[in-house]
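Take a look at this one chain, the form predicted alone, written out in structure tokens.
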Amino acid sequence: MIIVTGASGFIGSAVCRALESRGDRVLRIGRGADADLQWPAIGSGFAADAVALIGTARAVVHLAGATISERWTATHKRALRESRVNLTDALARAVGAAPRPPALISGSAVGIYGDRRDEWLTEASAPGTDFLGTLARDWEAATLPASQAGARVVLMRTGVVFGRGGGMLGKLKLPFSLGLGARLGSGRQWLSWIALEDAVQFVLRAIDDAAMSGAYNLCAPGPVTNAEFTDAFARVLHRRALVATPAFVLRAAFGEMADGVLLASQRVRPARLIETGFPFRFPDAAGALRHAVAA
């Protein structure tokens, strides 16, 4: 049995389909009526019977978290921290309480590195000190109760996921299709990305491979600038993107989130994945975008 949180999300639903197609039984943790197991209230832990059930799993794949892609009000910042740090801590404690703790495959993000301009970043690079960098650092640290109890923990520092019907491309397809695609600010900021199919294959491999542990940059080996992405996505949709949205307009519309996400630059190298010989199905952005649109 594999337990999945965030199972109704863009990545989580694809992971569940892949697990079930290969014969795995999937149990979902969530807050909706369709969840097999409910999250505990913020600040509390899982009940004893839930802990016992979690302890029977082979692995727990933790993908839940509030979206970062909206204005960071004080209320939304609190929701981001609660959904990532607090819930991860509760889950890690439940995993660690099992007599034989299952593996914990837990989400993180390349945002942990902060805005680093043209610097190449690997898993050994220091975290950033901005809001997202601090949030992701604390998010990863919340898995410590599991690793300290002997569980194998894999941290997925995920880039922007390219896939059909959701994520960033799902939001951008309509405006780009209407010829309204535009680079953001200077367009020189780096975008580290991963195809949905490759992200799913990584999760399956992390579940199965007992040698995998620690942080992995879950992104393709070829990051692109925002300008390169904008041009490539427009071309795939047979459109042109000749304009730019100035940084001051983005800051006025989105506040701190504009600098933390839309204008931030993370030029990330998946060093540990490359070392393991991970077979990227889509190593280049143009191919991944064509597949996402045609799928």
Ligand SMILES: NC(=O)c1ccc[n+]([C@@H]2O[C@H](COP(=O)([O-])OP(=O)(O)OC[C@H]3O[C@@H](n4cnc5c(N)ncnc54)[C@H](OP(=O)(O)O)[C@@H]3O)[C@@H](O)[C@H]2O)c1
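Computed from a predicted structure; not experimentally measured. A residue's number is simply how far along the shown sequence it sits, counting from 1.
Just so it is clear, the following notes concern the form predicted together with the ligand, a form of the same protein that is not shown.
Though the partner is left out of this view, R84 does reach within 4.5 Å of the ligand in the model of the complex, counting heavy atoms only.
Using a 4.5 angstroms threshold between heavy atoms, L121 stays clear of the ligand in the model of the complex.
Within this chain, H238 is remote from the site of the ligand in the model of the complex, having no heavy atom within 4.5 Å. Of the heavy atoms in A66, some are within 4.5 Å of the ligand in the model of the complex.
Remark: of stretches 248 to 256, 28 to 36, 50 to 58, 262 to 270, the one touching the ligand in the model of the complex is 28 to 36 (heavy atom within 4.5 Å). With the partner removed from view, the residue among V200, V161, L191, A136 that has a non-hydrogen atom within 4.5 Å of the ligand in the model of the complex turns out to be V161. Distance criterion of 4.5 Å from any heavy atom to the ligand in the model of the complex singles out A109 from the list L184, A206, A109, A98.
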